[in-house]
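Coming up is one lone chain in structure tokens, specifically the form predicted on its own.
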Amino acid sequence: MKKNKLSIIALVCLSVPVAGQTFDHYQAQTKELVISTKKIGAEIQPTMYGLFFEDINYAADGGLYAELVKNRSFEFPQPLLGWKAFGKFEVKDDGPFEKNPHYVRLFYKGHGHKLTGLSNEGFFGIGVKKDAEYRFSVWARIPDGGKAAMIRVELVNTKTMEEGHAFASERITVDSKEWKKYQVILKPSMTNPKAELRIFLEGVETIDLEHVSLFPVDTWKGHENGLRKDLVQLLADLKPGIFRFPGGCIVEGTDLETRYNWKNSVGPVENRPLNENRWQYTFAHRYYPDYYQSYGLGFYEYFLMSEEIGAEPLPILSCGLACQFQNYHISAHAALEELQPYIQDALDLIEFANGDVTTKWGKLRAEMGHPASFNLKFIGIGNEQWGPEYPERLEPFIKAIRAVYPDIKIVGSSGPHSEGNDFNYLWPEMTRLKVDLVDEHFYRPEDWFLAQGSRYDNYDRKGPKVFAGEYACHGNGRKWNHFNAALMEAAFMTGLERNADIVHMATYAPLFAHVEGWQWRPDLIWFDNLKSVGTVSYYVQQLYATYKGTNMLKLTMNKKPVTGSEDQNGLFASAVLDKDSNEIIVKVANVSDEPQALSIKIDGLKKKETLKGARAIKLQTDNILKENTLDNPYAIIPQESILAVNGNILNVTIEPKTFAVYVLKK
């Protein structure tokens, strides 16, 4: 007890100046951040902050794509994977859809008390909400003609103690020998994240079933082949300027046969063929043998969502190289003389997005429901490619695209690393080829992010612009989402913003992860079958995008940029002007363990200009390993407060381990 009292006395003595001592020592601890408004900096691109989508962690089927039935067309290599068939049935392969020929034939079991039917497990169960509406649809026929046949469709809970399993049930009468689409609305009487879909054959007539589907009626914007509403809303709330899709490594494929083929992802959804997802087998320690791409979420849906959330679409296409991590021999890749089909795919995609309805691919877009152009401005060729085999394949793409579509901006790649031999080789090659942007990727630990505050300060301003296309802080020994990782990202992003004249795009990666189906973390948004949550990294991205501003402003401390250098005590900072709102926005990350007094001075205001108010929006916590979860989604979210200004100066204290956005109104 005596020791504690002495400690308290000592602390008091240290915190109060003795007689005759001035306050100079304490005032010297205040850091002055000077923001110059005398010369407005370069414009910040509308595409500056955005989204990167890849179908990893069940991000598409089982995630963003709202289809609730797994293997709906019986096209998995094991046709009934995801299904339990009972009674008398047969899987056949001469169905109505050329690219999806399989279907199931259900026969009468021969006894009134013996049942035939199907049950689908969904993606980690089927999540449904009480009193919501779900659209069940199926293509069906009576193969032998004659009398009408009937099926009973149910949502069931097999773990209930109630008398019956079903909590939603409807009947469908199939009345034609020809294939027709039938549908009915199911309305659950309970919420269940782990339901099953069950189909019974009723009566004695044989019936064929194909493309068995279940969607919530309340999808994003009500689209029938729609997207999960809560997940798209989270994306829209990020105010993204760019949307990169359909991924990174899935564009390449483990082999060229399984690369993402955009032409298979458009047209009638019933006839889009199954594709093998390379993330199914990439991580044997987290293996999901039922991870495929239905292509139900395809390029049309990507373009449409981009338009609806206000983001510029950025499709990425194969350059003829399969994943180089998984294929070391050149024979695994398309030879130079075999590239023409890949180049034509790129040209056709631009026509699909922008072409007149009289063109082949523009006509298809119109038939799918969008006669107007999607106004595509960007296209990426290749993902994490490296070595001379990449630029020699990229070059003919560039020539062909610019010959037909000279206004389309082309994105090239600097490879899979943030520095090193491949990176140093590819940047000059991208400059030589005159790509418009170079895609850089960096999944790195905390110390890397802390050392990168000035990364882009000395980049060549005359060459291609930068697209920070995939990045996330992967903590040392803590490769999962937590506050400290998000703080490192916030600190790093001050360097992106300070160099917005050359950095034109930035997207965190990956975007989505299902809590029961993830293979890679950290991720921006986590979800289960009914709930979703934005991580702290999500809110960092949201703050940057919301307070993006329109133009760069010069910010210095002791006449130097604030980049977290050794003499800056863990401070990172940047500033922008928003001409539309007449606000000066300052972003500061304090990665140190100490509170820091800041004097934010605006230098260069006109005589009649003053600061009339300010506010702070902060992300902070007393536990740097804390994170938002599905059960506690708002554990760490931005907190706003009103601040007082004194003339052209804002005096504040930023707490330890804090990211703050200061908005000063002129």
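Sequential numbering from 1, following the sequence displayed. Nothing here was measured: the structure is a model prediction, and the numbers come from that model.
Here the subject shifts to the form predicted together with ligand AHR, a form of this protein not shown in this document.
Taking Asn383, Ser306, Thr535, Ser73 one by one, only a single residue has any non-hydrogen atom within 4.5 Å of ligand AHR in the predicted bound form, and it is Asn383. For the options Leu317, Leu571, Val212, Cys249, the one in contact with ligand AHR in the predicted bound form, meaning a heavy atom within 4.5 Å, is Cys249. In plain terms, the part of the chain that comes close to ligand AHR in the predicted bound form, with a heavy atom within 4.5 Å, is 435 to 443 out of 225 to 233, 592 to 600, 435 to 443, 168 to 176. Taking the partner from elsewhere, Ala60 is found to have every heavy atom lying beyond 4.5 Å of ligand AHR in the predicted bound form. Interface membership of Glu67, defined by any non-hydrogen atom within 4.5 Å of ligand AHR in the predicted bound form, is ruled out. Among residues of the shown chain, Pro561 is not one whose heavy atoms approach ligand AHR to within 4.5 Å in the predicted bound form. At the 4.5 Å threshold, heavy atoms of Tyr49 stay clear of ligand AHR in the predicted bound form, well away from it. Residues of 462 to 479 that come within 4.5 Å of ligand AHR in the predicted bound form, judged by any heavy atom, reduce to Glu470 alone.
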